[in-house]
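Listed next as structure tokens is one chain, alone, in the form predicted alone.
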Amino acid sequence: MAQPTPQTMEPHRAQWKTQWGFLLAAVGSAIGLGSIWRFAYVCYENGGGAYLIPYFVALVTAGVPLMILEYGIGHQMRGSAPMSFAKLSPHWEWLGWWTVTFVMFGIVLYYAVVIAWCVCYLWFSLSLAWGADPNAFFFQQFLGVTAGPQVIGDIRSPILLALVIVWAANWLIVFFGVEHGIEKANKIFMPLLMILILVLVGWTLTLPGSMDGMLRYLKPDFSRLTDPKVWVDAYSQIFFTLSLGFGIMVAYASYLPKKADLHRDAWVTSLVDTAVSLVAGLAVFGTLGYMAAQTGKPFEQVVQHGIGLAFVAYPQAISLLPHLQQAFGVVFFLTLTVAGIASSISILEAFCAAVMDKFHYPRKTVVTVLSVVGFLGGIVFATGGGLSWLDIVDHFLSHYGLFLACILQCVLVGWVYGAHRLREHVNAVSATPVGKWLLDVPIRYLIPAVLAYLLISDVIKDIREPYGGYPWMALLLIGRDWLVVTLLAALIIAMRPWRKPLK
């Protein structure tokens, strides 16, 4: 008897109760920790307000087209990334599995640990536990950082406990499905996140020196626009910030009703993510401005980015506040926690959707197994050597994995399936038509070219000098092999036959 193919399946799919619920979930996925601490620094480093010009060019020519692509194929094919790619071409199912696999068994493993740090610091804020030296507290007392990735060290108990809480939250939300779990959670998380960010901005405005920090953040330096690096950074930020190439937006769009304005939704998701990142930057740099004024240090010396900003510079600034330090700390780390959870549940859902589509296992079983495996897989990042492992795995997956996956996705849709066919579907359900210059041309030519440039640049840079100064053996065994193992797993899963869905 012939095995059913994805094209013959017509499983009952969950559906968003409201368009508003879908948009909040999509925006929640896009607005992650990086939107709060990465965008502001990249903007500051690349010309302030002038950086918004290349950023919006990148948004229009790469971000929105890719968002339309992922919304379009998920909606048209009514499936997760593996199912949708298999329907586009049977030979490309593996790509869908690879994206959701290296995100589920890579990115979300360490991302959940970073959220666990935020949960810990939410508790630490009540007593300002980081003391007079937040740097030593974070790296030595809290993380217990070892000499390198080759020295795993002990498991950090507070992080492990917080990791249990993070995965319990992920499990609880995704366990109850699209309508009763993810949609309801984001209807709480997203308004709460907006309120918390606005509270931070308003509070920061009352601090002496904050306006200087905000002005330095947005002060335009148009001479930087002639620097190719600024434009490269703009495109790189777009690919990082919108949750593209993860299979998330494909799965989320598959839960939309047959009539959905995909063109409008792509713009709304992209612009809201940008707006939130921009506004959050005001709070970040306003606080750094206050910190510079209080310590008497030059502004450039207090500016940090990434984990240094969130867990060293910000705690130090909180300790300098004249009053209500604990409350300010709680608001800031609650903001990070909410943003992180909203993103992590979308990653979990993307893989759950793929497994349910292919094997038709019950949602509750899939979510429970994945949550347990995700927690266990994340323990290595909760050790003394975890920071080094996190840094290496993040570099390889979010650069090489993500860039290559997006390039191949563009090849599949643009050349194998045909970008014009996807555009016809999007235009059939959208109020405003999408032109070939917004979809076909970027997908077939511009986006693959930009991503190829970014990918080759990373390869050359890493060959010239080992990333982060880590030993070559550690980079290969941890970073490279993580990509290879997830790719092999994807190929194996893709070779498994599709099962007939339950009626």
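Position 1 is the first residue in the sequence shown; the rest follow in order. Being a predicted model, the structure only gives us computed values, none of them experimental.
Missing here is the form predicted in complex with phenylalanine; even so, the following discussion is about that form.
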*Choose from 450-458, 431-439, 48-56, 34-42 the stretch whose residues reach within 4.5 Å of phenylalanine in the predicted bound form, heavy atoms counted.*
34-42
*asked:* Residue-level contact is defined here as any heavy atom of the residue lying within 4.5 Å of phenylalanine in the predicted bound form; does S346 satisfy this criterion?
replied: yes
*Taking 4.5 angstroms as the cut-off for heavy atoms, does F328 touch phenylalanine in the predicted bound form?*
no
*May I ask you to check whether F246 falls inside a 4.5 Å heavy atom distance of phenylalanine in the predicted bound form?*
yes
*Is V103 a contact residue for phenylalanine in the predicted bound form, using a 4.5 Å heavy atom cut-off?*
yes
*asked:* Under a 4.5 angstroms heavy atom criterion, identify the one residue in Q76, T335, T241, S371 near phenylalanine in the predicted bound form.
replied: T241
_Between Y255, Y111, F381, F142, only one gets a heavy atom within 4.5 angstroms of phenylalanine in the predicted bound form; which residue is that?_
Y111
